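Quick heads-up: it's one chain on its own, the form predicted on its own, in structure tokens.
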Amino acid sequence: MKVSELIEKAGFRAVTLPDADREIKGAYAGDLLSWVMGRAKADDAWITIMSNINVVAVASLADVACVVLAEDVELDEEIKQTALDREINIISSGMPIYETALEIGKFI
């Protein structure tokens, strides 16, 4: 499923979407960045509530298809711009992490 399709079907919101056609092949939920770096797979949708600049770095290193910010977490403009510069898709869900993961699981 493409990131853009997940946004539409799950009712999520685009935060940064430089590669809307990127395919999502799995999902990973976690907030401990070092843990995510070693366990998230390329093309996963990574679900987190973290909102600092390191999220962009970890998303890039892990080569995830997108970052899904649960619980309506907001990013500042500098982080959004860095994500766009590094072509990192970031989307937002108003639901808690668990419910966000369940919703994503319906489609991938």
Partner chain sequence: MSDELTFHFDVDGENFTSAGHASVKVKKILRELGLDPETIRKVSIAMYEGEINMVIHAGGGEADVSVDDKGVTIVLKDSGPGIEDIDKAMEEGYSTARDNIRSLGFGAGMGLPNMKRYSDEMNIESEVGKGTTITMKVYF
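The structure displayed is predicted, hence computed values, not measured ones. Residue numbers count along the first chain shown, from 1.
A second form of this protein, the form predicted in complex with the partner chain, is not displayed here; the remarks below concern that form.
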query: In the predicted bound form, the one of 83, 75, 62, 27 near the partner chain [non-hydrogen atom within 4.5 angstroms]; finding: 62
query: Interface membership of residue 70, the partner chain in the predicted bound form, 4.5 Å heavy atom rule; finding: no
query: Non-hydrogen atom within 4.5 Å of the partner chain in the predicted bound form for each of 31, 37 and 40; finding: yes
query: Those residues of 46-72 which, in the predicted bound form, come within 4.5 Å of the partner chain by heavy atom; finding: 50, 52, 53, 54, 57, 58, 60, 61, 62, 63
